[in-house]
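Next up: just one chain, as structure tokens, the form predicted on its own.
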């Protein structure tokens, strides 16, 4: 009997241990970034985008270039110089080093795009979340959207610039006064898909306030959509700033931007093409980088791509 007792022992039961999941813990964002960084193209374009952005904000601080200070235009030998070891992008018609001018203009264009995108996306998300959940506001805002959306966005911005005048904050106001509406409509559509799910119906029956329903039950499920929306909004605003400045209704001459440079240097495209090529290349790389990174991040955010 003693030997039998040594061979057998009573099994214990632990309630907490029985509830433990044997599989590894799943983290959505960890899986998103793992899927994103698996692609070499994603790493390349993200590195290029970060490099261009950091360069545009750091280089003007190091160079000390100030567009408000006129250069010494009485030395024709410094005009229209082609790219060289001393001037990597060459010089312009006033003797300015295009390397300094291009990065200063890129910083201005990105600053406008970042601020306008933050306003458009912030207002668009809040209004769109309430718009999609509230059935009372839906017909009113939908009528406003149908009226405003019939006018192209670039035309609306041009009309507002004529009203507000040229300037940094005037351009941001022109881009944001109606720019949030299309984002709000997109968020409204996404919210309408989520709002009638079972857990939201149960929460509504329990008397959950509208604010809590929107912030706790709906918006957290749209984080990946919002992050992707940011990458798409910024290059679109850069293109808008470029078009407005090229048309001569954007920023004044004391505010360098990629659009201003293309506007000023376009007359030299046949004689001194380097003055228009380098700003165009930098603007193209910035916008393409945002588009590609946003598209790749959207693919990585799709749970169906996770393993």
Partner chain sequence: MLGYVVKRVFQSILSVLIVSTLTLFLVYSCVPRQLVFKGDLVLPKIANKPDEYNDYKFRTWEKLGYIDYMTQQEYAQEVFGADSPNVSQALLRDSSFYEKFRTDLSARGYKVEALPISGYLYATKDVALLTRVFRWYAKLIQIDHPYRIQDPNNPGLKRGYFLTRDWGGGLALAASGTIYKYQIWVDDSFPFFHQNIVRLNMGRSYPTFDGVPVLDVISGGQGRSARREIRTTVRGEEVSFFTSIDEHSLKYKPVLDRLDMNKFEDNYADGNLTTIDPSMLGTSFTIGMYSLLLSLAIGLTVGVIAAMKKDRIFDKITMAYIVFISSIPTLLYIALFARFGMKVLGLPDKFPFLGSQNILSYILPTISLSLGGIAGEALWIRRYMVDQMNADYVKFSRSKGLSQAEVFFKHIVRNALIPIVHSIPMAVIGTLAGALITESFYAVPGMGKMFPSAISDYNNAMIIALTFIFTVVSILAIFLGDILVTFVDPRISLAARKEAR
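Every value quoted in this text rests on a predicted model; they were computed, and no experiment measured them. Residue numbers count along the first chain shown, from 1.
As for the form predicted in complex with the partner chain, it is not shown, yet the points below apply to it.
Against the partner chain in the predicted bound form, the set 172, 193 and 298 makes no contact: no member has a heavy atom within 4.5 Å.
Screening 207 to 215, 151 to 159, 128 to 136, 115 to 123 for residues having heavy atoms within 4.5 Å of the partner chain in the predicted bound form returns a single hit, 151 to 159. Contact with the partner chain in the predicted bound form, judged by any heavy atom within 4.5 Å, is made by just one of 140, 147, 223, 202: 147. Among 55, 42, 249, 32, the residue placing a heavy atom within 4.5 Å of the partner chain in the predicted bound form is 249. For the chain shown alone, residue 48 is not a contact residue for the partner chain in the predicted bound form, no non-hydrogen atom being within 4.5 angstroms. For residue 269, a non-hydrogen atom is located within 4.5 Å of the partner chain in the predicted bound form, even though that partner is not displayed. Using a 4.5 Å cutoff between non-hydrogen atoms, residue 90 does not count as a contact of the partner chain in the predicted bound form. Among heavy atoms of residue 163, some come within 4.5 Å of the partner chain in the predicted bound form. Contacts with the partner chain in the predicted bound form, taken as any heavy atom within 4.5 Å, map within 228 to 248 to 235, 238, 239, 242, 243, 246, 247.
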